[in-house]
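What follows is one chain in structure tokens, specifically the form predicted alone.
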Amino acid sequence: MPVSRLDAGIVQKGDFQLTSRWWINRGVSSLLVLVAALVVNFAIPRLMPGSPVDIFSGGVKLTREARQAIVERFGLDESVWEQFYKYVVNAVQGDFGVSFFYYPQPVIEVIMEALPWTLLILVTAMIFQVVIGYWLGAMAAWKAGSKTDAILQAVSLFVFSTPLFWVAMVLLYVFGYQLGWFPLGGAYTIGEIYESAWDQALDVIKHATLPVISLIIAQYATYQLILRNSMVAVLKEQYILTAEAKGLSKGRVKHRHAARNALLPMVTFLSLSFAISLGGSVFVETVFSYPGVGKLIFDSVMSRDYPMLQGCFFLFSLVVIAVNIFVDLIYRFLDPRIAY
């Protein structure tokens, strides 16, 4: 039977297809990263001071027998290697055990309840970060050296150097406490009876607005600065002068010819930005008491909830790996000349 180009792992230039070798290499490298993440995720909680038994007991003084029973119940009396072996085997199966703090709820069940809230604010914030960073970066590059460019860069550098938790606290104080425009915390109004699904959606949006704005302010400036600097170099290329000489509109030259060819560095930062936003969600969700994975991690650190921390960190590792693969695919779409 004839062998197709796809079966043979051959890709023609311009085809949005990837070689089988790329998928194998990507799979192996992702697996190695995941193994390293498993080791780090297991080690970090156990390096923290304090005992989960004390947190689990709620500060009540326990007898030696009761304390030993809790230790045995959660397998804390086993050696580190035995705990690590069980952790890896169970993690591969998607079982991270029972939470210390949310006992007797399974870890994966608690995470799945919190994950949609985190994805809501992260994905929404990233869309606005990219759009705002793109438009402001393209504007600054097109007017490079002007007052507009200087103002945009100054504002971006100021925003870039501002701590995320400080931005979140200022927004909460001004728009939540002083003006009362937005709720002070939570993801929805507890006990509220909604007349329609639209009313419920508006309530959720209202609670998510300040956390999303905090994340947008924290990251949009980086996208703007990267695109601006990359596009300034592209605007000096010969094909830009040729496009202008052909009489193409300024908007077409700016966006179709200059900005698109300057996007690759910005896309490179996309995966790193998502990882930073995941870490930033811990601060944002804690400030706004938002019931996402970030708030879950903070509570788990305070309660020495090893299984919950391991489950959250493992989930973050999977998400970052998936986003990196997605960014590689975007690379291939933006520039078909890139061959994997």
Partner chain sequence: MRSELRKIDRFWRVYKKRKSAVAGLIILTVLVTIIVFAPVFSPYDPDAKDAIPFTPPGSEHLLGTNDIGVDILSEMIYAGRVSLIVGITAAGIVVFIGSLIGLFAGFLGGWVDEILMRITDIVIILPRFPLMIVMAAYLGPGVWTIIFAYSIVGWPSLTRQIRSQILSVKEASFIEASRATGAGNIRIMFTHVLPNIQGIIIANGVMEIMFAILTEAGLSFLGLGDPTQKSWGVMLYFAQIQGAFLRGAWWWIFPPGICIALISCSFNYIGTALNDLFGLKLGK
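Numbering follows the first chain given and starts at 1. Quick caveat, the model's predicted, so the values are computed rather than measured.
We do not show the form predicted together with the partner chain, though everything after this point is about it.
In the predicted complex, the partner chain lies farther than 4.5 Å from every heavy atom of Ile330. In the predicted complex, Ala208 stays away from the partner chain, with no heavy atom inside 4.5 Å.
In the predicted complex, the partner chain sits within 4.5 Å of a heavy atom of Thr162. The partner chain in the predicted complex comes within 4.5 Å of no heavy atom belonging to Leu235. For a residue to qualify, one of its non-hydrogen atoms must sit within 4.5 Å of the partner chain in the predicted complex; all three of Val33, Ala37 and Thr286 qualify.
Residues of 297-317 placing a heavy atom within 4.5 Å of the partner chain in the predicted complex, in sequence order: Ile297, Phe298, Val301, Met302, Tyr306, Leu309, Gln310, Phe313, Phe316, Ser317.
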